[in-house]
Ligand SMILES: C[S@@+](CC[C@H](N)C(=O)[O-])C[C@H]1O[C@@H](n2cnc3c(N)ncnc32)[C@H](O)[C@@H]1O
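Consider the single chain below, provided in structure tokens and representing the form predicted on its own.
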């Protein structure tokens, strides 16, 4: 939430009411999604009204009423203002994406990360995206890099269907291969030894699925982009905590590696951070 927006909101809410409002919201296409710290309909409606006044392109304001849950990473949303819909068209990096914000996981806050990863991919690479959602990472890579192939996997059938639509909309058919299913099973059966680069943009399952990311890499190794949620207080470094956890796992698997880039992607709550490690795998476990 910008300072100006908060100032406008303070004209209709008391300081106590304003304290119950989260300091940010997401805009996905023409849909805004907010959170509040309690169920106060007057506060929710005030925020929704001000969003639609301030952001003329917003047609719908929804409030998140549940955490992101389950294998499909979805949440419950309630209409506060505008059109009653959850499907929108979102634009990023010269691409367009159809997204149902209630039935598919999607975060506009990973815009910079999607662009960064696309800039690292070299012509001729084969990429396995283990948790692709509606295909944003995959499509942006395919549009950015002239000669590449992306195997784009998701377990959510609704997300996979929109992924197919986004491949069509962005004209990357044949460069992005949509695959519905559990990425560890798909890799074991069809993608062992295929990838120069593996994306793991699902922090909740990244550690569990790390052996299958290694399995997907070519015999000479390659890159893994590993995402994590990390709690850190005081002098603790969330990136270093992620490295310690991943290093222990890689060592137990017998993989040789060196660290590439590493960074905090974003804050996700008080003392919670999303981190990313760019891991160059230089030797695979013998069992692969």
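Positions refer to the first chain, counted from 1. Computed from a predicted structure; not experimentally measured.
Below, we refer to the form predicted in complex with the ligand, which is not included among the displayed structures.
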105, 132 and 156 each touching the ligand in the predicted complex (heavy atom, 4.5 Å): yes
Proximity of residue 201 to the ligand in the predicted complex, heavy atoms at 4.5 Å: yes
In the predicted complex, residue 196 touching the ligand (heavy atom, 4.5 Å): no
Contact test in the predicted complex: residue 212 vs the ligand, heavy atoms, 4.5 Å: no
Partner contact for residue 181 in the predicted complex: the ligand, 4.5 angstroms, heavy atom: yes
Residue (of 175, 75, 164, 205) lying close to the ligand in the predicted complex, criterion heavy atoms within 4.5 Å: 205
One residue of 217, 136, 117, 148 in contact with the ligand, assessed in the predicted complex (non-hydrogen atom, 4.5 angstroms): 136
Heavy atom contact within 4.5 Å of the ligand in the predicted complex, the stretch among 80-88, 67-75, 187-195, 118-126: 67-75
Residues from 249-264 in contact with the ligand (non-hydrogen atom within 4.5 Å) in the predicted complex: none
